[in-house]
Every structure is written in structure tokens, then in C-alpha cells.
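Just the one chain here, the form predicted alone, laid out as C-alpha cells.
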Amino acid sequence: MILLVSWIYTLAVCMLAGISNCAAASRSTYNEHLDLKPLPRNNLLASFNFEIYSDSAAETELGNDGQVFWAHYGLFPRSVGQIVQSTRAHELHLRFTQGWWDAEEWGFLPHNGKHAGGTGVEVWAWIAGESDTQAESRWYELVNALSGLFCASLNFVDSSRTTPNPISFRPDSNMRSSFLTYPDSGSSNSSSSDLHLYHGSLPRETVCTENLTPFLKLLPCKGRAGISSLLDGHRIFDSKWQSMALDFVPICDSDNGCRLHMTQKVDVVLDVQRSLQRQHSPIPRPPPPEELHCDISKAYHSESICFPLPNPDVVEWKLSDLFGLKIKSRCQVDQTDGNDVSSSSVCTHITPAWHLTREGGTVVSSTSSNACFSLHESDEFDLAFSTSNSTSVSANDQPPVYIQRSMTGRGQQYGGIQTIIYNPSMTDSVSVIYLESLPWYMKPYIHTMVAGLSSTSSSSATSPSPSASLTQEVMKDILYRPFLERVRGTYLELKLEVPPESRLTLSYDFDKALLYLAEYPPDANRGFDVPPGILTVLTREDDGNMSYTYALRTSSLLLSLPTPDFSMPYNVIILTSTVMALAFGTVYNILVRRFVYEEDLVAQHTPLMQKLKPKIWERWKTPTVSNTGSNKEESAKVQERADAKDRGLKS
């Protein structure tokens, strides 16, 4: 149904635009592919690959003014096309990564690290602009648009988190031939010198379902059918390592013009045992004692002491057990033949010790190490894996280099960074480009950078020491741009040559800056995230040119800056308010209060009734004058009788 509506709309656009060959306009394609590869320790690498090609008639020149009419995106998402068009982005690369890739156990990164990013969110793009200021303005417009589209904090990528024109990245397309003509952009006869590369990262960003949902909405079936129906957020983000990648690259040729190509990839490393346990017990609980697999050969083994055995060798599971559901048929917007494995297929990379059982689908190819299945349009698809020796997995190629980075120093004022690059090859040296983008509050001293080289074949190791000859031997080139406080960070890029079977140690010192109170995050005591370093491996081709063959990132660092006591502002406010209240109250009392005698104050404030009451009472107790005289005579007579009685008694 979706395909029918898309074809009708394309036909209508062709008629309105006057395109003679409408068949050429209906060439948008969509391919999806799933690779499954068991890893050591009962882990599984699942790589989801989605490719969308736009119509070649999606851009048709109207007139001679260089205007371009975006006739029809077909299966290509219009939301991405409009953002790319408005910001004049000629290539766009976006990464969402969480977890840690164990290179020693799992070997090469998927796709040679080309579609893997550092911890958090990473984005870089080539943007057209007549000047640096115009291109930088379009870059900020691009990251703000992507922030809204993917529900990420990319709007925080400002000048202090942006690195312009690093040499660690090369375009995937021919910039001269793919310089697309956008509306209001003028002629397409521009050179690649008009393009500006910008790179930004947010190592603090947490990747979650809010980023996965809009990522799936860009697909034709929106995650409702095809292999994208397995992408459930609860399962994906319960993995040991996961990476989501989006790459927009135009493809141009002289015959068909330019087509828009967008690749979406999701790579996940799942812990099989944990996923199966979650199916039976959603809340993690320790297994009961009777289900523990203990090594009874240990001398200290008892009912209360158990030394756990390694992961079980006999395992059996299905895709629906790990992802929670089966693949819901095939995404029917495909325009390729159902027998073509590149349209909608599932492939496995196993050893003969594994046994596969499929439900639905069609077998395209099957060998002892690889098997591919194509999906049907209506049937559900599921795949069961079983083995009696889970340690038997496909050989993992050894990466050309290993890298690790750590923080050195102590205290709240000074610090240092140490980076160790290891070349495991016993015969060949390796050329690499190492990029570090440091935030402005890390103030490195480049003159303190020292290089130390140690050979893993000998027991003696050379400690890092400032040696001019050694520095000249391993450091072929240095690109450095110092920081500007609160404006931009430090840009450091090194071209290095690591001898075979050697460890190269780079270290330098830096100062920690003091921030304003408003510049600290809510959880300042947790620390500040430092973006991962980017290591790119160079290989010389037959024609003498250097090609970028492998890329990997270090882990992000957690920097502890001098952090004030955030309760002190509260204490200062309380103390200041108390002092001001005491001082103001005293002065106010002196200026306003009056001193008077108590009698005057009582007389002044005595109510009228209290003044009249004594007078009324005195008046009521005092008799009249006539009554007073008669009373005196009676009293005299009584007194005389009393006196006479007393005299009689005496005689």
C-alpha cells in the first residue's frame, strides 16, 4: 500500500514537473540486512543495517536561475532532507554510543569502526559556506535541528564544543562532483574549498529510548515490520555495548545525476545469559543455590562456599528470546527482488559447532560458517541457535592498534593525561592520526608533552622521558590550536608512527580552571566529562596515497575540577541577613523610639471610663449634710449611755 501511494505521487510529480522519463524517477530503493555473530563468553553481536536511496529525479532544475525543485523524496525521509537542504550540509554523520567495546575479546569494531562513535553523542558534517562565519552559523543551525529531530541535547554543541576542520575525518563522497545545487544556493560549479568540516561531541549525553524512537521513524516501515521490528528499547539498552549511526552522503554520476543516500546502522552486543534470565525473571535476582554451577574440585568448596564455573558450554536460544518478539514479516516497501539478499535478509557467522533452526523465510545460502535467509512478505521469521560448545566462535581479527587513556596527577589544581598506543604487529609499523578535543577549562602545556617507547618483546621497558630524537621518530606532525577561555577548547592532532610490537606512551600536564558559580552543573561533585580521543589508522595504497582503514575511540574521562562548597552561599546569605537585621533594628529603635515617664504615659493612655469611675464611686459613698447632723446626735446619746453603764458597774 505504501509503495502504491509512493508510485502514484511520483507519477503526479513527474506530470507537473514535465519530466519525460517518469520511470527514471521511480528508482528509490530500501535495503535492510541483519548480521548475527556469536562472541566469546556467550555474547552475541547483532548488526542492523538499513540503506535508503532517493529518487534521481528528486532534484530537477527549474529554469536557468539554478533553483532546484525537490520533487519527491520517495522512501527518503523528508525531515532529514529538509534539514540538509536548509543548512547546506553535503555530508552528515551522527553517532549515539553507549557502553564499552572489549577489543581484546571481540576483535575488530563492526564496519572497521567507521560507524562507531565515542561515548555519548558525536556529530560531524561538511557544510557549504562562502565564509567561515556563514558556515559556522549553518553548523549551529544544523545541530539545533538535529537536537529537535532526535530528542538529544545537541543544541549544547556550541563554539567551546566544536572542532573545525580536523584531518582525522575524510568525506565518503567526491565533494567536487557531489556539490549539490540547493534552492538559493546559486550555481553548482563550486569547488570543495567552499566546504567546511565541523565536529562536535557530548560525552555526557545518555542514549535512551527517546533517541531510538525518532531513529526508527526515519525508516519506511517505522519499526513495525522487517528486521527493525526487533529493535525494542528495553532489549537494546540492556546490552553491553550499543551504537546507532546515521550517515547522509550524496552519490552523483554523470548519467543519473545526484541521489541522496542515507545509511542507518544499529550495532548491539548482547549478553545471552542475562537476556534469557530476564525473560524468566524481569527483576534481577541471585539464582537459588541449587542452580549454581560450582567448581567442586576446589579445596574450600562447601555448601556455603561456591567458586562459580565459567559460562555454560551448552546453550540454546532464539532471536525471539533475546529481542522479545519475532521478526514481523518483510518490510513491503522494498522495490528489489525478494530473492536478493541485499533487500531484506538475515545472515549468521558461526562455526560448525553451532546448529541453526529457522522458522519462516527462505534459505539463500548455507555453509558451515555462514548462512543467509531472505524474509517473506507475510510470514514471521525466527531463528534458533544451539550448540554444545559455546566457546567455539568465529575467529576475530586482531585490531591493528590498541589504545587506552587515563588521567594522572592529584589535587584540584594540576593534572595530566597519559595515552598508551600499542602496535601488536611483529613486523609492520603503523601510522595513525590521534585527535584530542579538550574543553577550555583544561589548560594543557604542550611543552610538557613527552613520548616514551617500550618494546613488548623485551623485558626492559623505557619510561617516558623527554627525548628529542624519540619525539622526532614517532611524531611526524603536530596540529595545535590553543584554547580561548569560555570561547573554544584545545585542538590537538598528532600524526604518529608506532614501531612493530611496541607501546607508545604520550603524556602531558594541564591546569584546571576555576568556573563561575553558574557554570557548574547540578551534580558538580560527580565531575566533568572529557570527550574521547579519536585514533585513525592510515594505510598506504598501491598508488602511494594514504587511506583511512580503521578508526577507534578511547573511553571518555571524568575530570574533577575545584568545586566550591555550594552551602556557603546559603550560609553567607543567612549571616548577612542576620547582621543587617540587627544593625537596622538598633538604628531604627534609636531614631524612632521616644522616652517618657510612666505616670505621664499612664495618664495619657487611661481610658475615659477609668477616669470617671473613682469619682462616681466617691460621690456615691459620701452622704448629704442633714443626714450627717442627726447621725452625730444619735451617736452622742449612745456614747453617753455606754459611759453611764460603765460607771455603774465600777461603783
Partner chain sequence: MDSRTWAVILAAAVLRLSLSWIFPSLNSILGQHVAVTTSMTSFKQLKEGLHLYEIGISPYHGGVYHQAPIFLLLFKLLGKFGSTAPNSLVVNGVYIFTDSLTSYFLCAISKSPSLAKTDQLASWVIASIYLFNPLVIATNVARSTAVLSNAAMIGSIAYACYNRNVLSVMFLVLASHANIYMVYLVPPFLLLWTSKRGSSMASGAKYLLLYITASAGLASIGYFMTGSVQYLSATYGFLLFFEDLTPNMGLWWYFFMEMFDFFRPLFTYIFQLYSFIYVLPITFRLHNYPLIAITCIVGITTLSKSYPEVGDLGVYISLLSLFRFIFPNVRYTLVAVLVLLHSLVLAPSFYHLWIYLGSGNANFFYAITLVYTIGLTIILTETLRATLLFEFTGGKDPSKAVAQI
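Only the largest set of C-alpha atoms that superpose within 1.5 Å between the two forms is called the rigid core. Residue numbers count along the first chain shown, from 1. None of the values given here were measured: they were computed from a predicted structure.
Omitted here: the form predicted in complex with the partner chain. The next part is about that form.
Taken together, the three residues 358, 372 and 535 all stay farther than 4.5 Å from the partner chain in the model of the complex, as judged by their closest heavy atom.
Proximity to the partner chain in the model of the complex, taken as a non-hydrogen atom within 4.5 angstroms, holds for one residue of 546, 487, 446, 296, which is 446.
Residue in contact with the partner chain in the model of the complex (any heavy atom within 4.5 Å), chosen from 568, 395, 305, 167: 568. Though the partner is left out of this view, residue 620 does not reach within 4.5 Å of the partner chain in the model of the complex, counting heavy atoms only. With a 4.5 Å cutoff on heavy atoms, residue 300 does not count as touching the partner chain in the model of the complex; it lies far away. Interface membership of residue 136, defined by any non-hydrogen atom within 4.5 Å of the partner chain in the model of the complex, is ruled out. Using a 4.5 angstroms limit between non-hydrogen atoms, residue 368 is distant from the partner chain in the model of the complex.
Only one of 206-214, 493-501, 558-566, 234-242 lies within 4.5 Å of the partner chain in the model of the complex by heavy atoms, and it is 558-566. Along 392-424, residues 410, 411, 412, 413, 414 each place a heavy atom within 4.5 Å of the partner chain in the model of the complex. Relative to the superposed core, residue 579 shifts its CA atom by 2 Å or more between this form and the one not shown.
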